[in-house]
Structure formats: C-alpha cells, structure tokens
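Given as structure tokens, the chain that follows is alone and in the form predicted on its own.
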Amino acid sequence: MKKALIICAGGMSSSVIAKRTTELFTEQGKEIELDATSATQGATTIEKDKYDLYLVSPQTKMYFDNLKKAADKVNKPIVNIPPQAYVPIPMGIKKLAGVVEENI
C-alpha cells in the first residue's frame, strides 16, 4: 500500500479530498491511500517518514520550501497541488489522483 499525505491550512477540507481520492483508488483496484494534516504539523509529520509522497495544498504553497527541506531529508517527493486538482468534485478528485500517480 502506497501512502500520500496532503498538507493544508487546517486539514479539514483536505480530509474530505483525501477520503474521496482514496475511495476512487479503491474503486480502481489501486492500493493508494491519502491522509491529510495541517501545515503546522507538516514538517513534523514528514520527519516521521510514514508516507511515500507529500502534497502541498494551493492555500499553503507559501510553506512549500520549508516542507521540501523536510521531504529532502527523508528522500521523498513533494509537490504543489494545482488549484484545479484541489476541489472535492469528481473532476478535481480525478485530477488529484493523476497528480498522485505521476509522483508516487
């Protein structure tokens, strides 16, 4: 099972997006799971090295450089989520799933 973590402002809306994207992967028979956390917990969570990919939400992209330093230390990829892939509608979920699959 591959795991990806969405890092956003509070982790609330990202939790919904993570759940729906995980459900899409499950429907497709893919073993990829997404979780979400807040930007304040992002670097600490990355240091624990429990995920294969880190995704930074559009509203927290100002933290990307600091989060990337943490991801580089554990040698894991980190990407900014494009705004059109960060909406909890089917089209947005499919785009986020594509971003995950391209980078995981």
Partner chain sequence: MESEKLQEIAFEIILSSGNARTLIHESFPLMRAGKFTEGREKLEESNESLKEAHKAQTGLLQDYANGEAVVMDVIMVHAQDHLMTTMTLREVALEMLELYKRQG
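Everything numeric in this text was worked out from a predicted model, so none of it was measured. Positions refer to the first chain, counted from 1.
Not pictured, yet referred to below: the form predicted in complex with its partner chain.
You can rule out all but one of 58 to 66, 72 to 80, 25 to 33, 44 to 52: in the model of the complex, only 58 to 66 has residues with a heavy atom within 4.5 Å of its partner chain.
Although the partner is absent from this view, Met91 stays clear of its partner chain in the model of the complex, with no non-hydrogen atom inside 4.5 angstroms. Its partner chain in the model of the complex comes within 4.5 Å of no heavy atom belonging to Lys95. Proximity of Lys19 to its partner chain in the model of the complex falls outside the 4.5 Å heavy atom cutoff.
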